[in-house]
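Single chain ahead, by itself, as structure tokens, in the form predicted alone.
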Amino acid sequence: MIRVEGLVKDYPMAGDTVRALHEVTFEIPTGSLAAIMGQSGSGKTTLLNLLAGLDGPTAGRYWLNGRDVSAFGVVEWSRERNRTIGFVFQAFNLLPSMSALGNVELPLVYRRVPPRQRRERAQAALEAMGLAHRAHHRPTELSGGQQQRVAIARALVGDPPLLLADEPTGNLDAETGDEILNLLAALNRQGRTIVIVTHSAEVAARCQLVLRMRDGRMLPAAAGGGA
């Protein structure tokens, strides 16, 4: 699903150049439940932004789902993200003025799916998350775990083959975080590739593949504990 070779990212800073990623090379096979693990400043957020096409590398190659996306521009990346990638964020990133159903519909609005069809698909996604009864509640009327389930439904409503989750349990208590990890593991068993960016060894231990980063470098891969 993901293959990168020699990925480098430099940032200009105060008349100098700071290297955030140092020739990072790795693969994440299709169908994996993988973790990219590292402390703050390790480079994992920079790497996530490159994998999502939100930023471009200074050097190196990147293949996503078999396609070389290394030189994609803004328009090409927008199309690729809409087709291939779903996002789950630590802060949920739900629009507070919209209902859960409205938030889940948003990716389909961008795809220009007809209103009736997108409403049906959004309702089905919420039902799969066990939240059909909360469809018309706004984010402030939902618990943290429910908000994260809405965010996962939104990420999945377009049926992307890849899910990128950035610290998905970071704002949740231990019990609720464990429920979200169980949900992600279940989605992986259904065949979806899931990549979790985390600083938590406990979260990484639930994954089949663990990629560890330190000071912008990828350390040798290790097998996780599995979900």
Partner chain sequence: MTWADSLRTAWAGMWSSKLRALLTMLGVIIGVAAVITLVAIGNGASQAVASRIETLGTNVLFVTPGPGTPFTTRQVAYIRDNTPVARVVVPLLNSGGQLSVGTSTLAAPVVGTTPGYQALGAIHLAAGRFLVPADITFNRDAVVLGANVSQALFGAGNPVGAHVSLLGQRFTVVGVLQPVGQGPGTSQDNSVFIPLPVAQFLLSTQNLSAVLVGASSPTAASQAQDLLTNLYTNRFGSASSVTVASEDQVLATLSATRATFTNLLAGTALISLVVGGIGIMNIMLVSVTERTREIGVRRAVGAVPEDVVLQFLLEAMVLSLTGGALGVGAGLVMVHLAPLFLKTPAVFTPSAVVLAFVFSTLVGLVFGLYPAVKASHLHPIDALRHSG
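Residue numbers count along the first chain shown, from 1. Just so you know, these numbers come straight off a predicted model, no measurement behind them.
FYI, the form predicted together with its partner chain isn't displayed, but the following is about it.
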| query | finding |
| --- | --- |
| is_contact(A91, its partner chain) in the predicted complex, heavy atom dist at most 4.5 Å | yes |
| Contact of A71 with its partner chain in the predicted complex (heavy atom, 4.5 Å) | no |
| In the predicted complex, R154 touching its partner chain (heavy atom, 4.5 Å) | yes |
| Heavy atom of T58 within 4.5 Å of its partner chain in the predicted complex | no |
| Site check T84, L172 and N188: each within 4.5 Å of its partner chain in the predicted complex by heavy atom | no |
| Which of 190 to 198, 31 to 39, 174 to 182, 47 to 55 sits within 4.5 Å of its partner chain in the predicted complex, heavy atom basis | 47 to 55 |
| Stretch 1 to 32 - residues with a heavy atom within 4.5 Å of its partner chain in the predicted complex | none |
